[in-house]
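You are given structure tokens for the same protein chain in two forms, set apart as structure 1 and structure 2.
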Structure 1
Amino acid sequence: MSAARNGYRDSTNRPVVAVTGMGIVTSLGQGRADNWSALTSGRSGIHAIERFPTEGLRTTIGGTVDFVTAEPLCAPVLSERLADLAIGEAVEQSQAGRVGDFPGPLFLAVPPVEMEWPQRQTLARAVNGDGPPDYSTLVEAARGGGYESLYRLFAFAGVADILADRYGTKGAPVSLSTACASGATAIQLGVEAIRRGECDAALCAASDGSVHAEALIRFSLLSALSTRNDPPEKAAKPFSKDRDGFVMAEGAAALVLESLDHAMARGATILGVIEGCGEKADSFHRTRSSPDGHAIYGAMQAAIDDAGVSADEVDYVNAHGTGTPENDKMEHLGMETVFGERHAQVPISSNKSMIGHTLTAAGAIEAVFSLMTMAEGRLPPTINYDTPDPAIPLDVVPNTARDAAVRRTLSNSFGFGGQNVCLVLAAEPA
């Protein structure tokens, strides 16, 4: 053991970052236990959308979280409720700080919210104008006053403001978006802050409660969504030959990160370690990866490098695995490039086959599942894998969970806008 690697410091003498608390909510349920049980029994959380009428839409299914109430039901309120449930569970498990006094900053991935149609309609109705309403009508209504709470709802800083107050996090909360990589970015920001010595602990959370009609239609217009509406639970088919898009979904996850010495000093239970974070942006296209895959395998390799390990030491990959024709093909290319001859033997499974694509929250949700995979020694499956794609010869843990000893997991997140973030998580400090 080198002098630098003393257990609390990694191979480049940075503080080791431990996970001491985790919380999760998805369409499969609330909390770690329910989610893990559903996930490893191969259950799907995808169902017909009932939240709004789907008549006339090409896609009518989703992984909405319907057992959590939000009033009014809109993206910022539901996203805040979901984040609150996940953070509450993580903080309780961690026991870091005191209730309402978390000893570090908040990094929160949230969907970009904006006023929704019910609010626009309410404003338009508040004014008795001549002729059809337009933005001047809405502004006239706003001038009547009394809408400060509506402003705070749709200000980008709004959700984090509520959560920072409730949990007593320190400093300015950072709200962020790197599209479908957002959850991983939230974790990365926490890791970096701890490594810089700015804080001993960080609360990293990601939430998405934004399945409403307009959001669904926007993704649908980009031809990104599965249209295999019946039966809903069979729609998400990552790595299958007949995959036809992702399924929009909701959820949230939170992780309490601490420097290992801080966690050990207070006798906390170490749930795992974030060993490495890797990033590589793609400059090819707004929604597609560079055909040579360099940004995807660049991010995967960067995470492995940052962890100070080699690809041979990675036992399992938690896939981005959206089930779009493009993503899964490129992710396979990334596997081939990073793992070489081993690529078809390293198990890789997609949680999204069961929970759908939780968008902003996905990177954090899948990091929690990755840590549980290692702790439980059981690989969650890729369900709906009935027609393998011969162009993607991977061990996707087809259809049923499998016991396996996993010491180290690579978790992939690839976003629209070319933002790719990968994490290397380990069961225990090296």
Structure 2
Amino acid sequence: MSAARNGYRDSTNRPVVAVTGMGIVTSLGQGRADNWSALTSGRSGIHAIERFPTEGLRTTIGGTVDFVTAEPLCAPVLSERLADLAIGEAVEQSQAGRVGDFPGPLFLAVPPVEMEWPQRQTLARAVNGDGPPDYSTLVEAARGGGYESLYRLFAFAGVADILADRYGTKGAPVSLSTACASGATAIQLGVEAIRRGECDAALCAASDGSVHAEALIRFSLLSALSTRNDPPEKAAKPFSKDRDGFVMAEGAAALVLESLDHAMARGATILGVIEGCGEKADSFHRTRSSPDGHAIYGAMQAAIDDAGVSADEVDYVNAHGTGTPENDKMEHLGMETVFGERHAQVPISSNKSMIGHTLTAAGAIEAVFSLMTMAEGRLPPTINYDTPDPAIPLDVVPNTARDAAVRRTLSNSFGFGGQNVCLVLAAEPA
């Protein structure tokens, strides 16, 4: 690797974007070491939900992070707590600044901040009047009824502000939601900011702590969730013929991105490189992707093109791999279109078979796992792959981890409503 006169640049003369810190929390554990050990051993973090009553529900399992607590226990507060743990680990590893003084902006993917039923019931008791109060009335009741923390949370959706203050990031934080592609979008925004020269470093994080009764029921009404409740660890079956839906889960991940110039100048350890980002939306349906798969294929190809490489130079794919009948079929179509005859030989595995679908956080969590895959030379398995689907002839690294040298990874994130973002990550700069 050699530096051009104007610094480390890619083939289109953009700054090379390096990763210098990573943090992660999932149902498998807290931190990189515990998660990687569990993931590569094929251990599942999916279990029976104990956080709220599930009697009468079709789905009673999830990948909840029960070892992290929050008060009040609601999605935004838990998401903030999970993000804090992941960001703290990433900043500590990177040594780019410190807590309270990070040298760049925050891009945070977080689930939509919505008042959940326990908070609605608490605040409804503080409201005088006839009939059930509407949402805005509840928020106003929080402001004057001694519930200031709830008011700040639900009126201003301040998760990103809280974390930006805690870590001392620069400029206004960006809080975003692009459905299940959100985590990858946060990384994409950080990459683009560094490429444009707006900053030398960026903190990109994604978090989701939204396994609560209302969210579970909503996804269940869409027939999106697996109903294979017993045993829970066998429920998530990406790419299998008998797959029946995804499993809701929680978690967070954070990456410290820097221009390679900035990282090398301070002697940072380079954990990998974000070579390319591709984004395509199809606007076909509120939840479904277009049947022709053009946006899924388009996002994959756009990421590869943005990286300035060919599909033949991709060694491994970290799948979106939710385990829903339609998503897995569409991802196979994308693989077949992008990789051609080689698609059945490219190893592709789904972390969701073990951790469930972490929704807003998925793209960032899977980016961390992709970087660890390249660093460790070990492919995580797709567990529960007992009944192959003959219509999806892929090498899914079935059931057992596999040692392999991986130079470059494509990480896929496909969201409801056709919001698709893919990332190309490399083990080291070209």
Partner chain sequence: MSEERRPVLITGVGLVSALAEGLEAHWAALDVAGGAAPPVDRESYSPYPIHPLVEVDFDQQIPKRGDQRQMEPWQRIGTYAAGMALDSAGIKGQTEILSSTDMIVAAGGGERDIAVDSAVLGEIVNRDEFGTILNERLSNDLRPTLFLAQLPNLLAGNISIVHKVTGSSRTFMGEEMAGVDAVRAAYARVASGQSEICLVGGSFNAARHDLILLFELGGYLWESDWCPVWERTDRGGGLVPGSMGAFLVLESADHAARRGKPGLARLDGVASERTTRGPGAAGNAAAGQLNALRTALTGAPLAVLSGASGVEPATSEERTFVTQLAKDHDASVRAAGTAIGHGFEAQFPAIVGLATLVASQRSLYPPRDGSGVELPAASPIGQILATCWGHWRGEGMALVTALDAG
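Between two forms, the rigid core is the largest collection of C-alphas that superpose within 1.5 Å. Residue 1 is the first residue of structure 1, and the numbers go on in sequence order from there. This one's a predicted model, so the numbers in the text were calculated from it and none came from an experiment.
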Quiz item: Which of the two shown corresponds to the form predicted in complex with its partner chain?
Solution: 1
Exercise. Could you tell me whether the Cα atom of E148 shifts by at least 2 Å between structures 1 and 2 after core superposition?
Key: yes
